[in-house]
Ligand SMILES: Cc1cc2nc3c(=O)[nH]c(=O)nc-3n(C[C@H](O)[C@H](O)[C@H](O)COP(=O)(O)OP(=O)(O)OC[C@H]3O[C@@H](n4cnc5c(N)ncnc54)[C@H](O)[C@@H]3O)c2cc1C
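In the form predicted alone, a lone chain appears below as structure tokens.
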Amino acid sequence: MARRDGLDAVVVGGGPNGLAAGIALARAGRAVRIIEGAPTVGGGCRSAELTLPGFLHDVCSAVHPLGRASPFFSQLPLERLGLRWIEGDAELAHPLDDRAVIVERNLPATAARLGDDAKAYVDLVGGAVRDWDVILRELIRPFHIPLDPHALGVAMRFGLKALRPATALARRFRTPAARAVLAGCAAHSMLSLSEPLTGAFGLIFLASAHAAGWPIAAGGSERITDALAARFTELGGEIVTGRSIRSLAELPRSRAVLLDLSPTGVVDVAEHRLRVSRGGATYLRRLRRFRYGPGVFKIDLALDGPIPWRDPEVLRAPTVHLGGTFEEIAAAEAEVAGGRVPERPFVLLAQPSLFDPSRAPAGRHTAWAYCHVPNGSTADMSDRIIRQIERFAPSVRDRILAVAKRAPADIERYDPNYVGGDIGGGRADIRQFFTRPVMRLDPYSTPDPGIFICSASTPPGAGVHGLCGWYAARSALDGVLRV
């Protein structure tokens, strides 16, 4: 597929966004090569035996609220290429000390479980569930004002709630159960819950649970990127692995370069070309000022049986939020935002082997869990994470066969895009959410017309959805690759 005068495009980085960019370009008939530094493509979407032989763990991402719902993924024949989504009986479980809150696909059924807050929950989340397709089409993309009157109305109604802090939205509720489930979803922002925009994370995650589900990939998250890579090569694209790029000068000649890299990585490899571009020195200064968010500390568990939750309802959901009440979760996230390590962290846990027996030997199970810590923290959080599990499953330690742990430095070594252990691609606060990586009409472009950024540090941010790569490819096709 290579042209005699060189490739049309080279994509540096073979994570989900780099693969999505490559697919979009190859589908448009362009000659594309993806170059990945690791032995395999996948980025934060790989699986491996991290604890014991036969126990398959997701190395980073495990549950995919925006995976099946992604407007880009939905265009691809991923099922034909081996991807199969699995859902549990419920989407999310949030244990409290007296019972567990269960979020199901069915919105009325979930609301009914919240008792006195049933109507308030539907009032808060129902509009986003009803308008989910419009939200995906218009709002989970670079900032713009929708021209369609209906879409504009959806954006205004959603924005009035989403721009608020989670602490403000929680005042709508009277019960600890409703407040807690909002806190757990809002805490995916990795911000203090008193900050603006944390309400958006709560709404998006809850609405996605009802509108699209929170699936896992059968056989591990790596099956997603395996399918993406297969589609790319079907379209004639070329993948090169095991080759780290330190400078754009090392790349083959091409009309466009798309970088699935953090702002730090972009500066490292593209500084020379950007500096000699008009406005490039200013752009580089702004990239260097890009702010990263908290890091994560992650553990993987090999278990000799399911986690013995005090409330067996928790076994219905692949995803579990651990941290207790709204107030407890807010306090833990405020500690992290203040640069401190929480004693009782908010923990995100996945138990995929309950629904996908390929993840562990017969009768055995796996669990995946992480908590937020200050960026670059060196604290060992493994025991604190296990204590939070133990709080709601008192005999869990008796089930543990092996533990694998990764601190922020390990996570960054695994994927340099995760600077300081930040798996979110940068701090997603109101100062940076709409302008990542810098304020620019086209956030994927740079002062050099042939260089584009397609990582999670561009809109719409973190998640295995491929949208950052898709939008960056469209930017390149509208520009230097137009003909």
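All residue numbers refer to positions in the sequence shown, first residue = 1. None of the values given here were measured: they were computed from a predicted structure.
The following text describes the form predicted in complex with the named molecule, which does not appear among the structures shown.
Contact with the named molecule, judged by heavy atoms within 4.5 Å in the predicted complex, is confined among 88 to 96, 365 to 373, 396 to 404, 169 to 177 to 365 to 373. Think of it this way: in the predicted complex, the named molecule has a heavy atom of just one of V296, L349, L258, A183 within 4.5 Å, and the residue is V296.
Candidate site formed by V103, L303 and S353: none of these residues places a non-hydrogen atom within 4.5 angstroms of the named molecule in the predicted complex.
Not displayed here, the named molecule is kept clear of R285 by more than 4.5 Å at the level of heavy atoms in the predicted complex. Using a 4.5 Å cutoff between non-hydrogen atoms, V10 does not count as a contact of the named molecule in the predicted complex. Within 4.5 Å of any heavy atom of the named molecule in the predicted complex lies no heavy atom of S358. Taking the partner from elsewhere, D442 is found to have every heavy atom lying beyond 4.5 Å of the named molecule in the predicted complex.
Taking a 4.5 Å heavy atom cutoff to the named molecule in the predicted complex, the contacting residues in 410 to 424 are I411, D415, P416, N417, Y418, I423.
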